[in-house]
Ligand code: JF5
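Presented below, as structure tokens, is a lone chain in the form predicted on its own.
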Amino acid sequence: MRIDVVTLFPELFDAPLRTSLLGRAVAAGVVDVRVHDLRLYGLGRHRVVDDAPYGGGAGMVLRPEPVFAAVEALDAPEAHVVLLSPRGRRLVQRRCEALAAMAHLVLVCGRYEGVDERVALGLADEELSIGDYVLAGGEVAALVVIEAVTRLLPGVVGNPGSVRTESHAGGLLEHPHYTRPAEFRGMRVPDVLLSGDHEAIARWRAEQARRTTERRRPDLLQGDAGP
């Protein structure tokens, strides 16, 4: 899989792309992540990438010309272009699975007050948001997308079963986990987990997953978690 990132701050991606599962996936060639400096496509001698909004208002807006130029320079018309934006569709596990099935993603990181609307209308295939809040820019959101998608690729996670049973994979939050010691500060591991009865353990975990979801995220049970 190939992922291209268009950003004004490419240095923000240096350490994450070298660390943990994501770093190993990049090193092994499972995913090819390329980061492109939007400033290189800025206008004029000063590489201008933003301007004041038409109609007035606070902040600056990213101009369309540099963004279009940066994406078109990739010469990849088949790529799926994603604009990271707080007004985009909410990123959920099902969307990550769909993105992981694509061969080539281009992630465009917004900045400042926003991005000229013509980027969304004429360049991006979709807008994505990682949550109902506003960040300084789309870089952190792009890293969330990269990690969430990459870990679904074959060979990235050591035990593929963990991907199939974790939170959101089946529409529920994951069951509680315990490890040694069996008792810690008066808190004991549930007896069923120590029983060796795998069928009973499976039933307990399924029930705990449902109870946890009902208590913490009832919207998941109501089908309100997004497409």
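Quantities reported herein were computed from a predicted structural model and do not represent experimental measurements. Residue indices: 1-based, along the sequence shown.
Although not depicted, the form predicted together with this ligand is the subject of the following passage.
> Given that the partner is absent here, state which listed stretch (118-126, 132-140, 95-103, 72-80) has heavy atoms within 4.5 Å of this ligand in the predicted bound form.
Contact-bearing stretch, as computed: 132-140.
> Does Arg151 reach this ligand in the predicted bound form if we count a contact as any heavy atom within 4.5 Å?
Residue-level check for Arg151: no, no contact with this ligand.
> For the heavy atom contacts within 4.5 Å of this ligand in the predicted bound form, list the residues of 83-120 involved, in sequence order.
Result: Leu84, Ser85, Pro86, Gly110, Arg111, Tyr112, Glu113, Gly114, Val115.
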